[in-house]
Structure formats: C-alpha cells, structure tokens
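To begin, one chain is listed below as structure tokens, in the form predicted on its own.
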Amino acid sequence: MIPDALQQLLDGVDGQETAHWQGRDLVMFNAPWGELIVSLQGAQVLHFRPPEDRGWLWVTPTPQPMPGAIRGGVPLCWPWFADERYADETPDRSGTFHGLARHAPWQLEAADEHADGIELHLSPTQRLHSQLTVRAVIQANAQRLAVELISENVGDTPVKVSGALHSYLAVDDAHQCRLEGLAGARYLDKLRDFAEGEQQGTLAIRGPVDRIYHSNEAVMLHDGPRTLRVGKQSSDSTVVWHPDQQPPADTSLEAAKRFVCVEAANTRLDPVWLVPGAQHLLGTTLSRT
C-alpha cells in the first residue's frame, strides 16, 4: 500500500530501474517474482508485492521532505532503537530518535537477480559509528521478503547496541486484524511508563498500542482472508505499535488505520554487546501462510 505517485513510477518499470521520488533515490524492480522498491535513504524497503497479492507494506501518502525519514516500509533503526542510545557517540547522547541508519545515504553494492527472486547488498556511503560497521541484505521472491541488518565491531572495545526492523504492515483496517503468537509473553507497555504485563490470548487492536514483548516467536497477522507470518532472527524483543486516534504529524487519521507495526528488535530487554571482531545479524522474514 503505497502512494499513487510511487505506484505510477513502478508501473512504468520493466525489470530493474532507478528513480527519484520525494527527493530520494530509489531502486525499483518489477519482475515475474513480484514488485520491490528500496530507498537509498536508509536502505529502506518501501514496497513488496508478490504475484497475485496486494502489497505487504504500508507507506504514508504524505511523507516528510528530506532529510526527514520516510514513515513506512521497513525502516532500519541502528545502532539504537527509540531513545535507548547505548551506542550514541554524541557528548550528551542527544542523537536522533531511532538511530543514524534510517537518515543516512546508502549504496547498492550488489544485486543478484535470478528467475525466482533477488538478493540485494547495501552499505552506508560513509561510516556511521567510530567502532561499528553495518550492512543490509534484502531477499525477495514470490513467497517471502527477508531483511537482515548485520553489525560488526571493528574497534578495540565492546559496544552495546540496540536496534529494530520497524516493519509497517499494510492492513485493511487495524481494528479488524488480529495478532497471534504472543500469548503468554511478558511485555513492557510504553504507554503506561513501561509497566509490565502478560499477553492473554490473541492481541486485537482496540486503541493505541506501544508494547515491547519479550518473545522470539513468529507472529501471525490475520487480516481478513490473508495471514502474514512475521518471523525473526537473533531477536528476543517484538515491538507492536499502532497510534490509533493519535497518528504522527506526517500521517492522517484515515491513513493510520491501514497499518500495524510488528518489529523484530533488540531493546532494553535484549541489548547486544558486541566485542571487538564480533558480528550480529538482526533479521525479519515476511511470508504468506
């Protein structure tokens, strides 16, 4: 579910093309295995649609101008998530919310396309941290979309990292969808000053939700006749967010009804300590059940 202007650009693509939209450089694919759009601001997947399906991701129809980040798709929150600025190198830890990666320019290093799908490798055009490097791997085919964020400590002291793959999943109506797979999981409720709770059964969106679940299980998003499986890798935190009647400034109330965020993350519940020479891979995989 993407803005009309972006869909019009994609409709004119045959195979792989580059494009410019809202001040951002895009890499676009329209192939037998499906449609894929990646913004080189933030290495952010904006759109994925497999054959004979509708788009799996949502993008706001009113994105903020550069250098602001685009709300929607799969933003990369790195090397910290929200205001958990463990890896922030500014003197007073006043770095941007959700980290540096989503605002930074990235470059496409490799695109391995074959009959069944594609694999993309991307990296920032300049270093974002004095001790950490990062790269992204995006895999798409007719059955699934996978995004991996790979961090490496190339310095000489340990670094504490948080992060998230902030997936905006497109739905017909957030109040009609259901999330399964979190039953019994403990969570922190960010809307109640991080009060602890335990999920009872299926999660339905009936108002604003902003929770960090302590879980490494896949989540099933039931949206009418369609079910999306949201899998994860090297993540013990699942963030579920929906603003309900208080959408952010770059999104209308009507548009906000059309997404639910289900995020593979490393948060205050499971931060990652990277010792010198170590790597960490945070991954999420979307697929139809």
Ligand SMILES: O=P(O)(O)OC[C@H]1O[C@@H](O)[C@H](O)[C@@H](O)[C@@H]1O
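From a predicted model like this one, the values you see are computed outputs, not experimental measurements. In case it trips you up, residue 1 is the first one in the sequence shown, and so on.
What follows is about the form predicted together with the ligand, which we do not show.
A heavy atom within 4.5 Å of the ligand in the predicted complex is found for one listed residue only; from Glu113, Glu217, Glu89, Asp210, this is Asp210. Although the partner is absent here, Tyr168 sits close enough that one of its heavy atoms falls within 4.5 Å of the ligand in the predicted complex.
Within 4.5 Å of some heavy atom of the ligand in the predicted complex lies at least one heavy atom of Arg71. Although the partner is absent here, Trp33 sits far enough away that none of its heavy atoms falls within 4.5 Å of the ligand in the predicted complex. The shortest heavy atom separation between Val59 and the ligand in the predicted complex exceeds 4.5 Å. Note that among 237 to 245, 42 to 50, 23 to 31, 218 to 226, the stretch whose heavy atoms approach the ligand to within 4.5 Å in the predicted complex is 237 to 245. Residues are counted as partner-facing when one of their heavy atoms sits within 4.5 Å of the ligand in the predicted complex; in 91 to 115 these are Phe97, His98, Arg102, in sequence order.
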